[in-house]
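Quick setup: one chain, the form predicted on its own, written in structure tokens, and binding and motion questions come after.
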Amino acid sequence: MDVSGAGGWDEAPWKKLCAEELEKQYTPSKWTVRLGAEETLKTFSQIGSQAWPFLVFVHGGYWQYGSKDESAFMVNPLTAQGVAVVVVAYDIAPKGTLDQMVDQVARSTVFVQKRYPCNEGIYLCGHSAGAHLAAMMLLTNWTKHGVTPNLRGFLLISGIYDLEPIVSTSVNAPLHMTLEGARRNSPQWHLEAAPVKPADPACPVLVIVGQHDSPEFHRQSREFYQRHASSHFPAQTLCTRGWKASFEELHDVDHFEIIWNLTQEDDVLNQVEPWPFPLVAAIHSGQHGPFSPIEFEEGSF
């Protein structure tokens, strides 16, 4: 991706923040309003049928924490309602680079498609750094992977879509991310590389942020969805690029609760009806029964 001559970088609003405020804006724990639920580890088992919708979940942790096992806390409520859940493993920093992580998530998605070619749709869901990695799949050239996944929707929760501010924070210490690397891996700046129209015009992209996420997380989510005409960014938004996008702010949740609450069957993202979000409705449109989730070990795809 060509990042040379990108206009408007010096006008980005985050550049007006002092170093201390910028660090605070990208430290989610500074914005929590209460303690979240404890993470619960789950053991996965293989399912027998291929004809299911698959939710492929990409965990967060600022690309340097977390694992597929720690992300299993939200599996049971989803599988109980008929959604096959795949939790992706990727090499976190400092072992893995951002370029490697993006490639691993792409190959994981391809693996699901190849192993379950009769699936009824693959829905990518990511939280925080995982939302960034999931969003990068909007830009993936699937031709080089030999198969185009049956992508039916994206659920991007409290994500970061412009990585340049991260370069100036302590988050970057284990990432060793250069300015060029940040720009190359910022989906905000490369939506023009994605198809003007998605392969499936009905494929929804939901950009979600918690009420108590930091103002910078709110700004990033809103601008990735659809920025105002006066913004410093070029006209690259999900809406202007032809995606069926929507934006939601979830009431009374912070950066951690928004994903931890998936452990609750009555959470807004788990409810069978009424469906508040079209992506969740699409996943459940087949009215499938409960089954067990699946897990792919690292290096198996």
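The model shown is predicted, which means the values in this text are computed figures rather than measured ones. Residue positions are given as counts along the sequence shown, with the first one as 1.
We do not show the form predicted together with a small molecule, though everything after this point is about it.
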Query raised in the report: What stretch, of 99-107, 125-133, 148-156, 179-187, brings heavy atoms to within 4.5 Å of the small molecule in the predicted bound form?
Result: 125-133
Query raised in the report: Would residue 65 sit within 4.5 Å of the small molecule in the predicted bound form, counting heavy atoms only?
Result: yes
Query raised in the report: Applying a 4.5 Å heavy atom distance criterion, does residue 61 contact the small molecule in the predicted bound form?
Result: yes
Query raised in the report: Does the small molecule come within 4.5 Å of any heavy atom of residue 243 in the predicted bound form?
Result: no
Requested in this report: Classify residue 256 as contacting or not contacting the small molecule in the predicted bound form by the rule of any non-hydrogen atom within 4.5 angstroms, answering yes or no.
Outcome: yes
